[in-house]
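Consider the single chain below, provided in structure tokens and representing the form predicted alone.
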């Protein structure tokens, strides 16, 4: 499943900057209609992505069509556009129906740092910003941008302060920065649905087939001794997101005896919740590669 790291970014930096310019100077009324021809172009020219998408919807629903692929790409484009406006500080027009956010607020009141597990289902970035603003959470993102430097440069342009809240796990001091965030009562937001090159893996069943998911977030939580929550931010309508926070564990316990079984149980629990929300918000699935390729 690490093939996502090998995919080159589509589009050029100047195109992304053009969209950024249009967003800043034309607003949503100008840019939103442009999404349809852009999505139509990519739906017609992205054969490998289309094949992976159709396999996903066949797995989820038992059938798939070109309409599913187009709707998925359109949902993805809308969340990217929302991300631009939100990162630019334009959050007044957005609403979030929050489920479980109060648990994070209570943890912070007690001075507890925590790990927040996200995914490429919906907009983790957009909802992270919205929830942080409304809940006052000190959120730091643990993210690897090795294959997405164009996107990272755009994010830095949108919100220069964002770089201070991003921890690259490949940097030598990453573990110390993550420890400091937790010890200071902050939140580490980590994507938990993709395995990177060199990552430790755990096995789980997802829509009836075996997949690999990263073990790192759970191993980190075990070492840091902090609570772990899952977080899903799903596009549910124009400028509206549904966010769901669920407790994974008050503490991740990985005993010496039965360590693998305990780890797999935590990972399977997360895979089950990911599957649940995939069924509920199928067009929010933004893993545009063959998710089951390695396990078949």
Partner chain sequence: MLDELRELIINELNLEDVSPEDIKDDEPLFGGGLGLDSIDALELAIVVERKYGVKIKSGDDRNVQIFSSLAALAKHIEENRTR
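Residue numbers count along the first chain shown, from 1. Just so we're clear, the structure is a prediction, and the values are computed from it rather than from any experiment.
Below: the form predicted in complex with its partner chain, not depicted.
Student: Counting only heavy atoms and a 4.5 Å cut-off, does its partner chain in the predicted complex sit next to every one of 173, 176 and 216?
Tutor: Yes, the whole trio is in contact, each within 4.5 Å by some heavy atom.
Student: Could you work out which of 101, 200, 165, 205 is the residue within 4.5 angstroms of its partner chain in the predicted complex, going by heavy atoms?
Tutor: Exactly one residue meets the criterion: 200.
Student: Between the options 77, 105, 191, 223, which residue brings a heavy atom to within 4.5 Å of its partner chain in the predicted complex?
Tutor: Looking at 77, 105, 191, 223 one by one, just 223 meets the 4.5 Å heavy-atom criterion.
Student: Can you say which of 243-251, 25-33, 63-71, 223-231 gets within 4.5 Å of its partner chain in the predicted complex, counting heavy atoms only?
Tutor: So the stretch in question is 223-231.
Student: Within 4.5 Å, heavy atoms only: does residue 238 come near its partner chain in the predicted complex?
Tutor: Residue 238: no, not in contact with its partner chain in the predicted complex.
Student: Can you tell me if residue 259 lies within 4.5 angstroms of its partner chain in the predicted complex, counting non-hydrogen atoms only?
Tutor: So residue 259 counts as contacting its partner chain.
Student: So in the predicted complex, does residue 93 come within 4.5 Å of its partner chain, heavy atom to heavy atom?
Tutor: No, no contact at 4.5 Å.
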